[in-house]
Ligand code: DC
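We begin with a single chain expressed as structure tokens, specifically the form predicted alone.
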């Protein structure tokens, strides 16, 4: 019997491991909705800065997260978290916002709020969701879990190509050692080392693993290729 409920493809991993690139490719090839959970945390970080909230004050950040007016929308196959009807697409990618994200994301009440909101994305149908705790915290029940990584030199090279200077070793340590929802390999996840692989090659590994567990999804791939 074919599964009728939505699928969730969880793609977690380290910074610059290829999560976004692969998640977008997989979503496109399967015809699933793409969800960037990192963008949701960035949106809150941007809103904190815009509202002049001290990002180093967990209570203030949690209070703002509790009160801000948001709405999830699916636009061209991508889920967006709108604030007061607006999606700050460029604002959430600034250096200032990026620097604020780790402080905001470490607040337990924020992660509780985000978990509920991110699980609501299933209302848009089958998902390819990327982040750092999808397979461990957001959708631990999914059968399709992937953890992407690459060697530090390769990841640093990718960041530099994007024009971003970031201490990835420090970021890895901070993400894996935080008390709330630390970065770790989800139970049952397939670990994909993207070092030396093209996006198409790593995407193929992921899709092959998905269709092996759920052969009926092959039909979706065929339909997308037509």
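Numbering follows the first chain given and starts at 1. Worth saying up front: this structure is predicted, and the values here are computed from it rather than measured.
One more form of this protein should be noted, the form predicted together with the named molecule, which is absent from this view; the next part is about it.
- Note on contacts: among 81, 127, 105, 148, the single residue with a heavy atom within 4.5 Å of the named molecule in the predicted bound form is 105.
- When you look in the predicted bound form, the only residue of 109, 119, 71, 93 with a non-hydrogen atom within 4.5 Å of the named molecule is 93.
- Site residues 144, 204 and 215 are none of them in contact with the named molecule in the predicted bound form, judged by any heavy atom within 4.5 Å.
- Contact annotation for residue 132: at least one heavy atom lies within 4.5 Å of the named molecule in the predicted bound form.
- Contact annotation for residue 186: none of its heavy atoms lies within 4.5 Å of the named molecule in the predicted bound form.
- A residue is said to contact a partner when one of its heavy atoms sits within 4.5 Å of a partner heavy atom; residue 194 fails this definition for the named molecule in the predicted bound form, lying far away.
- A residue is said to contact a partner when one of its heavy atoms sits within 4.5 Å of a partner heavy atom; residue 29 fails this definition for the named molecule in the predicted bound form, lying far away.
- Of the candidate stretches 133 to 141, 119 to 127, 150 to 158, 72 to 80, only 133 to 141 has residues whose heavy atoms lie within 4.5 Å of the named molecule in the predicted bound form.
- Contacts of stretch 157 to 188 with the named molecule in the predicted bound form, defined by any heavy atom lying within 4.5 Å, are made by 159, 171, 175, 178, listed in sequence order.
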